[in-house]
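Let's start with one chain on its own, the form predicted on its own, as structure tokens.
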């Protein structure tokens, strides 16, 4: 248990914020939680006004990349309570990332109690507008001032929040990537760390210049099998069956991915977690039997794919209004997050206000 000291901001920016025109990740709430790791243990956390971080040019993370993060969302229930979607799964995934990058694990008390106090303090930053939420960004980085390739001895853990609208505005067009590699088996593809995203920026830029919003990443050995899509896990529907790549050391274990699979199975929808080849989806497109393709992710929720460029040819997918399965899954997931229907999976962490 932590006793968290709170330094309140002397000047809130809440009244200056236009919640009707939020840009994802561009507006930040008033406070942040900060905790330091030193001498082999986590120190007492504090909540301070959101502010810049000062660091030495020799700070370890700037040179050797020991940094991990997570992304969660908080919503307002009709009775005013705050609902945070599946924080425990995010906590476990963040610690899995920490282990892979040789960083200390975060204690459950620090993560959940710190998060609770921060959200309670900035509860008025949770948007009420349709399709909006409070995005939560916990992250940790190596803070040693030392130039040498070894694990840092000190780390800083921070949580800040940001009111957001949807990550994507409508559907996305994607292109299959068969030259560049996001991650390889045995690497850090399953960890939520900045290096994975840095590796994706150039190919994503090249795709954007061709008119595409995202890439469909393929395996690093043969570029034969699909893995994920940029900020999202990937799902296809053929013959009313959801097909999604199996988790591996090169694919992020998405919280939304897990939630969609759980909901689908409970609804009696067939789900196959298996390798999906580029050839299989190409054939399905040629035959007109690919009913749906979409991405899943905390930021994206379910984002429908409107067109796929595969083997140099662009294929149009069915109109979103005709995609019964993914629309039903999306609505059910949204209703659970907002507390509109019973949460039989106990996914929501409820903060009474």
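For clarity, every value in this text was computed on a predicted model and none was experimentally measured. Residue numbers count along the first chain shown, from 1.
This protein has a second form, the form predicted in complex with 2-OXO-4-methylpentanoic acid, left out of what is shown; the following refers to that one.
Decide yes or no: are 137, 231 and 298 jointly within 4.5 Å of 2-OXO-4-methylpentanoic acid in the model of the complex, with each residue judged by its heavy atoms? Contact check passed for all of 137, 231 and 298.
Is there a heavy atom of residue 69 lying 4.5 Å or less from a heavy atom of 2-OXO-4-methylpentanoic acid in the model of the complex? Contact check for residue 69: yes, within 4.5 Å of 2-OXO-4-methylpentanoic acid in the model of the complex.
Heavy atom to heavy atom, is residue 192 within 4.5 Å of 2-OXO-4-methylpentanoic acid in the model of the complex? Although 2-OXO-4-methylpentanoic acid is absent here, residue 192 would touch it in the model of the complex, with heavy atoms inside 4.5 Å.
Is there a heavy atom of residue 167 no more than 4.5 Å from a heavy atom of 2-OXO-4-methylpentanoic acid in the model of the complex? Yes, residue 167 is a contact residue.
Is residue 197 a contact residue for 2-OXO-4-methylpentanoic acid in the model of the complex, using a 4.5 Å heavy atom cut-off? Result yes; residue 197 sits at the interface with 2-OXO-4-methylpentanoic acid in the model of the complex.
Just one stretch in 210-218, 111-119, 129-137, 273-281 has heavy atoms within 4.5 Å of 2-OXO-4-methylpentanoic acid in the model of the complex, so which one is it? Only one stretch qualifies here: 129-137.
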